[in-house]
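In structure tokens, one chain follows: the form predicted alone.
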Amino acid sequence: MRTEFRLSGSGGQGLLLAGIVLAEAAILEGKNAVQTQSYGPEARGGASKAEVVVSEDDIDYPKAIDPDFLLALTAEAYRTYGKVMGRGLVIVDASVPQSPEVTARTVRVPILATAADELGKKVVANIVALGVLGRVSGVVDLPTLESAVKNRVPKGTEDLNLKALRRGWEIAAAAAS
């Protein structure tokens, strides 16, 4: 079974790292995974997108064709990618205004506010988002995501990032109920 993710927002939000961590977690669980990325020339502040494909079988095409999950952290990302979502689920930050162009199933969660206000560091929004994606998708287990986070985040930030991951996992559980 193939599961496709599109993580989108602006440069500097760490979504490329989140995609890498998600792919690594899948590989740690013995699955096949591929991660691709694109971003505007501005690097910080420009549009960015990471795609992750996870499968038990061989992956013959590395890009998301019809994403099962779209994460959108900015209004631009939500409008751009949300309006072309088919059967998948859109996970959008609660601060992003709703768009009538997006008709796909949508869950609004406070990713950016959780990182900035609750955890005190907006730079961990990507890891909060990763926790949300992990829980909602069920594609990898929390302990495996924790291992991948520890492998990939800068040394000395592991505890904060693990706290952000777990908080995202909890937010997703609350949103589902």
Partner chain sequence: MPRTVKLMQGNEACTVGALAAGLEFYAGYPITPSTEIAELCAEELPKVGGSFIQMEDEIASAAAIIGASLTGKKSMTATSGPGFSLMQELLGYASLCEVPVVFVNVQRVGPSTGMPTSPAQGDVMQARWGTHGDHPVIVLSPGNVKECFELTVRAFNLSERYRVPAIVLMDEVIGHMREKVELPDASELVIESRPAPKSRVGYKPYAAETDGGVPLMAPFGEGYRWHVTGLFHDETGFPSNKPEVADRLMRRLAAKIDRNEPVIRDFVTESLDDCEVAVISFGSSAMSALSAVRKARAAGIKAGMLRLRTIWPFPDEAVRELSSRVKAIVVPEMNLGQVALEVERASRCNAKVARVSKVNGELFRPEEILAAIMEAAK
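Positions refer to the first chain, counted from 1. These figures come from a predicted structure and were not determined experimentally.
Not pictured, yet referred to below: the form predicted in complex with the partner chain.
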- Task: Would you check, heavy atoms only and a 4.5 Å threshold, whether residue 165 touches the partner chain in the model of the complex?
- Result: no
- Item | residue 143 within 4.5 Å of the partner chain in the model of the complex, heavy atoms | no
- Query: Is residue 33 close to the partner chain in the model of the complex, meaning a heavy atom pair under 4.5 Å apart or at it?
  - Reply: yes
- Query: Can you check whether residue 27 is within 4.5 Å of the partner chain in the model of the complex, heavy atom basis?
  - Reply: yes
- Item | Every residue of 37, 63 and 152 near the partner chain in the model of the complex, heavy atom within 4.5 Å | yes
